[in-house]
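Just one chain follows, in the form predicted alone, and it is written as structure tokens.
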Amino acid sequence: MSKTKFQEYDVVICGAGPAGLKMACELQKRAAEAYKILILDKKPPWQEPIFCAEAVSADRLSALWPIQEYWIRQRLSGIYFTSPSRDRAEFYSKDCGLILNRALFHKEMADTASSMGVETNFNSLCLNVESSSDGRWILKIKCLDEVFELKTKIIVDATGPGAKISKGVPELAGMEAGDADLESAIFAVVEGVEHSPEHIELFFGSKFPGGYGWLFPRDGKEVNLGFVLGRHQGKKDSSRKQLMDFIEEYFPAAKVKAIYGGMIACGQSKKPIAKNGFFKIGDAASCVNPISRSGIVEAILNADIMAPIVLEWLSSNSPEKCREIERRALDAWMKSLGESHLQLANGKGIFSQISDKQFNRATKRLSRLSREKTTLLRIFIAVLFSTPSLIWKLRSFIR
């Protein structure tokens, strides 16, 4: 006996992160329960969610999902930009961001999808996919100790970086693989760190080649300490040792409670994100901002953009029309955020050339200003003018 209600669906969504959950809700809302929609994940999305990206823009998220106080850990009023010399520049903006409780946020999204009529199954793993003779997809699913098959017209891949379920499938060759500029990130949940619960702190310099370090407040007691490094940066030590060295040097009183790590697709490509009724969204479509490495709002926005395209595909009976719709999927994303992400990805290597001395000079200059005058534009300009060669190098990607 299978662990799903049916053996055939119109849409199966693999992956119950923000992108997959928003896609499920958006499809059901727009289609008014006209289709059978199933969302799968190997575990409940509120169980041990990755903490890494808990900070979001309040304005951007509220435009995509109603904000509820009970899943907000902390409201943010600013960002500290910290140089290698430990000078700080503060960007201040009241209610500029939020620190989320990802577990509660995911639970609300999952409950919303279920209440709308989406079938949810959060103890199932997709082992592989293959095409069938009738043009639909066959998914081999493992649920607990049982392996069974499902059929569906459309698969939405929201499985995250690497997008493994499409690998080795001949009909999906050439698609985006969720691996554009994969970078390693590692972070720890710690206690005993003196910090402002209303500020994120970002650390720059040669200790974080090609990336940056961070401190995210969590609940007034715990903080998230970690870093992301550029893909092509050589490593003298393991990521775990680098993290522990960072914590020991900057926060010697910290008590480490848990360490997490993973890969982030921090680039942007122009590879197809839809092909033969197979759609990729969120991290599986490499939708992360290449500079900030933010991905929650980007994933939700991507699902919003893709949902009407998926429904248009379902309502079409012409293979030629379906192929045209699939081509428009990438165009829609590129028009929204993809083109700007592509420009940021092209310029990312230039920013990695800023020296510690130049970071120190810019931050020291900014630290003398009142926080009301320290705008993000002023911070950007100060870094540029501390590194005059950047202005010339950036000319090609800011046009």
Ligand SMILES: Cc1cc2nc3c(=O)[nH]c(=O)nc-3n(C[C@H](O)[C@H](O)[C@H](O)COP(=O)(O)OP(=O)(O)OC[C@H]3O[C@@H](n4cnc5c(N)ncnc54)[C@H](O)[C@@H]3O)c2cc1C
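Bear in mind the structure is a predicted one, so any value in this text is a computation, not a measurement. The first residue of the shown sequence is 1; numbering continues from there.
Below: the form predicted in complex with this ligand, not depicted.
Residues placing heavy atoms within 4.5 Å of this ligand in the predicted complex fall in a single listed stretch, namely 120 to 128, out of 312 to 320, 120 to 128, 243 to 251, 170 to 178. Proximity to this ligand in the predicted complex, taken as a non-hydrogen atom within 4.5 angstroms, holds for one residue of A274, M306, L225, A299, which is A299.
Shown without its partner, this chain lists G205, G97, G160, G267 as candidates; in the predicted complex, only G160 has a non-hydrogen atom within 4.5 angstroms of this ligand. Among residues of the shown chain, R102 is one whose heavy atoms approach this ligand to within 4.5 Å in the predicted complex. Heavy atoms of G262 reach within 4.5 Å of this ligand in the predicted complex, making it an interface residue. In the predicted complex, this ligand sits within 4.5 Å of a heavy atom belonging to A185.
Proximity of A55 to this ligand in the predicted complex falls within the 4.5 Å heavy atom cutoff.
Contacts with this ligand in the predicted complex, taken as any heavy atom within 4.5 Å, map within 193 to 229 to W214, F216.
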